[in-house]
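The chain that follows stands alone, in the form predicted alone, written as structure tokens.
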């Protein structure tokens, strides 16, 4: 029966489970190489291959080492970093991105892709911020669910990670995180819950850190009580690599698949020691059977026992998706005097300056690195787009090893050009955007501040393009340059995308998924001295006030606010109507309004809907993102937009009642172009109080 796809999933799982020996069951709950679990040939169970890669399918390693396997068939498309995808505020595009990952994973015969990561940006310094979706749980949830659906539509399981409270790389394997229940439920868990209950994700990866004293990979509260009992998760929980530390906790506290422990495979906590505990009666056989069921569900659900499709890799469609994500994710931070877009009929020379104009970024950052087929650098993209019409020069300007002559040569090159484009920012070196280390500050490295100031003095028409995975300080030079473009890490088509945006073929429509503070001390965890922790303990003293919730509630002026991003055109918001939902199972309210492109270029706008409760029973942030909608309009075009507000848009978590409380009373609905640019406001009253567990 278990091989018959027409039979119900649970019936197939039960049938196969009944045929397994003890040794075969144990083989399914721990690794037999860096990224595999053992095959069971007599029952047609193939070797199960897992792969890193929120941004693409990682090259093969091992089998028993982290060194590359040296294959020639393990290339993959390199997609823009997830924080750039998040900046698109476009769930449909997120699903298309997931489609690329799933289809390429299928081609590479991977069963489980280790992504997306949905950890919240608590500090600008987290070395893995580039792999996540920013600071807001609602935006993260909506984008991650679409990504998961894309991946899993191709007979590949997604694995949402790192569950939970893994919000820094500093001491990640040992730090113990303490936070109040409201912060946990309202900020750090919503994206995981959405992944499970809406995305139907088949795997969840535990985090390295401890949470309330127990390691997250075998944490009874997180894995058993919340994930499996409360949320009804039926898939498997796997450890992060070397994230398992104790056999009894691994067995009893919800871990289903142990990966990457730094010891012989037979000595893994869920291998020999688990067998020994079973033989002594220390553990019930039912708990092993539950773990095996969860692994079998994943394998059967994706068709692993029946032969999956062929997949595809690096297709034209994949390249097009990579370029579209890069284009829609770029954020125009400043644009004075129409400095952008560049008009290649009115200029003759462009000086491109900066190591990041030529630096290859795909093969960096830790587990997110990709052995890509190709990577269009910013310089190459600019030359491809404008090199036949314009004279494009290049000067290094800065690099990791100081060279005082570089700045002088860059200044000279800029002085000889009509326009200078500095491509700077961060890279994937240690202490920047990289796994296993956090950034030391928000400053631009390698003397870039001085370079930018001297170049703009030599040529006032200087455009600054920043690559990176999180907030960066710009204080010394921001007022002096006319235009700043944030390109994140834009993937294999990044250079082409950047050139199309700079020269106006594409109108930028990205919005910041995180607040850019003026200085690090303005960020909540740093303002309160609550990062990086002391003596192995870290208390999330800021509670709910993460990101814009802190800046707006405490009235701290950011450098750039959450949701911010300029356009080459302009948009007018009007005619807000708030109506009560008619369907008892549907939204409680619907916000209807009109938006018009009042400029001269076609463009996209992300309308953001924030909710404020007038008199909450417990303290709440002054505003919380509860809806958004991206709309593309031609010049003069007007469109009516509707944004539904579910009950969850009004509710907060009440720890005493252990549930989500939506209180009777008045709410303000705020519609804007960013968290600090509110265009329309309206009042809505809930007629009754309700509690959901």
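Numbering follows the first chain given and starts at 1. If you're wondering where the values come from, they're calculated on a predicted model, not measured in any experiment.
There is another form of this protein, the form predicted in complex with a small molecule, and it is not shown here; the text below is about that form.
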Heavy atom contact within 4.5 Å of the small molecule in the predicted bound form, the stretch among 90-98, 270-278, 200-208, 461-469:
200-208
In the predicted bound form, the residue from 549, 110, 162, 122 with a non-hydrogen atom within 4.5 Å of the small molecule is 162
Quick one: of 155, 355, 435, 344, which gets a non-hydrogen atom within 4.5 angstroms of the small molecule in the predicted bound form?
435
Using a 4.5 angstroms cut-off on non-hydrogen atoms, would residue 114 count as touching the small molecule in the predicted bound form?
yes
Residue-level question: is residue 367 within 4.5 Å of the small molecule in the predicted bound form, judged on heavy atoms?
yes
Report yes if any heavy atom of residue 128 sits within 4.5 Å of a heavy atom of the small molecule in the predicted bound form; otherwise report no.
yes
Residue 35: touches the small molecule in the predicted bound form, heavy atom cutoff 4.5 angstroms:
yes
